[in-house]
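This document starts with one chain, in the form predicted on its own, laid out as structure tokens.
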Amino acid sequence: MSRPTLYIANKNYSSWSLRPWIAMKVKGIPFEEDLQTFDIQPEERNPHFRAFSPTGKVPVLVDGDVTVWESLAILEYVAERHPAAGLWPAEPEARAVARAIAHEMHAGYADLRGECPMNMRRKPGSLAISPAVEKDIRRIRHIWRESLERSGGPFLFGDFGIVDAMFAPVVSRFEVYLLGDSDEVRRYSAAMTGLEPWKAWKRAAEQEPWTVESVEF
């Protein structure tokens, strides 16, 4: 049986690509990686992505005749294909909460994403943020604190799962832009950044030669 192919973009910048990639790596789910770089000129809108992506965006998972786009949909598909991986909590109540949090991450925090884009090569340092971003940060910290207290950690629902994959790029943002130094941030960041797949992604991101100037600040 052939492995599915996960199409991603620059590891330094593509937060959405990181999500399914790190989940599949942590859980030992085999796949082939196909990295397609962002165009340097943003007005070009990455037209070459259309060769594999219905929306012209990444990530995209191609598994035989099945094409799945959108990070959370990819993670849901992988969870169904590999139920033993435990990507969702086993208990129905915890699974419902985990799904709600994952969907909140997928649909929300636009201000944080816009003002603090993922840039793993950026030298850590603070920047001026808006009240809207401060609100996003407070909400994220609340989710992390409540989840860790309920589960005992090290991840939000005990073992690494889809919710953690959805928050992985946020951990990078908190580190790069110095967005928080509370107990829950330190605990959760240590768990995430201690993962071997995280370290591998970060090393690759730091070695990439491509630069998108519009998100370098």
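Numbers for residues come from their place in the sequence shown, where the first is 1. All values reported here derive from a predicted model rather than from experimental measurement.
Missing here is the form predicted in complex with a small molecule; even so, the following discussion is about that form.
- 38 is the sole member of 177, 31, 155, 38 with a non-hydrogen atom lying within 4.5 angstroms of the small molecule in the model of the complex.
- A heavy atom within 4.5 Å of the small molecule in the model of the complex is found for one listed residue only; from 163, 170, 58, 61, this is 58.
- When contacts are judged by a 4.5 Å heavy atom cut-off, residue 46 counts as touching the small molecule in the model of the complex.
- In the model of the complex, the small molecule stays beyond 4.5 Å of every heavy atom belonging to residue 201.
- Not displayed here, the small molecule is kept clear of residue 184 by more than 4.5 Å at the level of heavy atoms in the model of the complex.
- Although the partner is absent from this view, residue 82 stays clear of the small molecule in the model of the complex, with no non-hydrogen atom inside 4.5 angstroms.
- The stretch in contact with the small molecule in the model of the complex, judged by heavy atoms within 4.5 Å, is 70-78, chosen from 119-127, 70-78, 95-103, 142-150.
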